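The form predicted on its own is given below as one chain in structure tokens.
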Amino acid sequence: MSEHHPSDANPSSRLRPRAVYSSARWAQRRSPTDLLPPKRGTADRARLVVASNRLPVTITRGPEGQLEAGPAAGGLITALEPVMRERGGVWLGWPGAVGECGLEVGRAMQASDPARPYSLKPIDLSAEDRDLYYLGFANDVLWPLLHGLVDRCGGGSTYLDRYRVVNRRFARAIAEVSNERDFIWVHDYHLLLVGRELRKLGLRNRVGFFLHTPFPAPDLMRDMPWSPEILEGLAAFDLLGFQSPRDQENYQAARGEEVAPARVFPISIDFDEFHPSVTQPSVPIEADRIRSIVGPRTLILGVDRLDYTKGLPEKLRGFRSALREHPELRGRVVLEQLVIPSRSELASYRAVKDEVENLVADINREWARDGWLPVRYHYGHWSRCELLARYQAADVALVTPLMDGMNLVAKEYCVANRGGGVLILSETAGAAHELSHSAILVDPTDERAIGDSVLRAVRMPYTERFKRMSGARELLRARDVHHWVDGFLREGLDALRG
């Protein structure tokens, strides 16, 4: 089974080193946990208790049968890990191995990072849990629904029954590790019913929820027979966080009555940790190597996890349209498309891969000539340095998911590309709300529009490119991942105070 989280929008997180923060930076920032009241009778701050489907570590069996713990990947983990490392607390989740949550798991996790400043609480999943709760209801039903692709939704009451069971298991584990002062923060579509289950157990803690995916149009949500239960479960939280105004409005319209406070908190990257790494000596050296391969042509970069929500076939058809409709681009542009493996055990994902590779072959067969290959396609994993170098080398980033909660690749490109890059961004990605003045927004289903946007990017004057990217960087510096956390915790407390 793939190690990639289904909502992973941030491939460079795979080999991200531990974040290091200067004391000067944190002296200027008020930690969100300072906003929490102290524990009764102590001078300690109340803890942050985080629950997500996956822990930031993955448990596997080594060659001699021993358990080993390594870093897990995913946009959610990329955002939360530096937060927990700075603030401490408890993180609950599945370590990725079936039936492995005994003492040996704890020892392996501890050995992987003895200085980890927060606690890990593994949640056990059996093979049946994985198949019915995780691969079943969460990823065969909720994942396509939340992205507006209802024709891909599976079904079955067995899926939902096991989803309830696992959400109840998470709630009980949270209750075991929490005290009455802790702030409980639940994450993503795997755990929509945890708030309800916590209330059934009698917990009166502040409990917030953040949805990393989009929230579907209300008519799509209402058509599902189990939607009243999901909406009721969401209403049990004290605060709901969404990526964009679109998602907040869709939820409020679907609920159709008084709801728990729902606010917009766009997730982001750690600017102060990410930005300096772009200047590490190995990055520009690798960027120069990539540029030498492409030559004087315009380099267009795509970085996507293999998933039907990412719009990979539509992107390639759009690039083909650019070559067909705009002869001046022939021989002048190169699309380098990186695809990160994901859920390759599922036939639907293998079908997407086959379609993508067939399109790449067709485009290159139709347009390639001596010295020019229009599409350079790569399937695999890349180190952090290699990804940063590609961000830096690319003249244009083509980020066109059919629907995305945020898409951190778009934000990483804006920060890493220190020159006059151009971001072409799907108007249905959550990042479009913040980057509308910096990016060229495009309908990801319109092949001609994608092709025209490529021409516009190639023709854009350098002064306009630089102005757009500078504006994006300043915005992302101000609205980094810590701004996201600060905003959520402050809003959560304000909502409870009335």
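Rigid core here is just the name for the largest C-alpha set that superposes within 1.5 Å across the two forms. Note that residue numbering follows the sequence shown and begins at 1. Computed from a prediction, not measured in an experiment: that's the story for all the values here.
Omitted here: the form predicted together with adenosine-5'-diphosphate (ADP). The next part is about that form.
This chain is displayed alone, yet in the predicted complex one of Trp367, Tyr251, Trp382, Tyr377 has a heavy atom within 4.5 Å of adenosine-5'-diphosphate (ADP); that residue is Trp382. Of the candidates Val141, Ala262, Ile340, Leu323, Ile340 is the one whose heavy atoms come within 4.5 Å of adenosine-5'-diphosphate (ADP) in the predicted complex; the others do not. In the predicted complex, at least one heavy atom of Ala73 sits within 4.5 Å of a heavy atom of adenosine-5'-diphosphate (ADP). Looking at Ala171, you'd find every heavy atom of it more than 4.5 angstroms from adenosine-5'-diphosphate (ADP) in the predicted complex. Under a 4.5 angstroms non-hydrogen atom cutoff, adenosine-5'-diphosphate (ADP) in the predicted complex has Val303 among its neighbouring residues. Looking at Tyr391, you'd find a heavy atom of it within 4.5 angstroms of adenosine-5'-diphosphate (ADP) in the predicted complex. Only one of 421-429, 305-313, 114-122, 217-225 places residue heavy atoms within 4.5 angstroms of adenosine-5'-diphosphate (ADP) in the predicted complex, namely 305-313. In this stretch, 113-131, not one residue has a heavy atom within 4.5 Å of adenosine-5'-diphosphate (ADP) in the predicted complex; the partner itself is omitted from this view. Once both forms are fitted on their rigid core, the CA atom of Phe274 lies 2 Å or more apart between this form and the one not shown. In the core-superposed comparison between this form and the one not shown, Ser438 has its Cα shifted by less than 2 Å.
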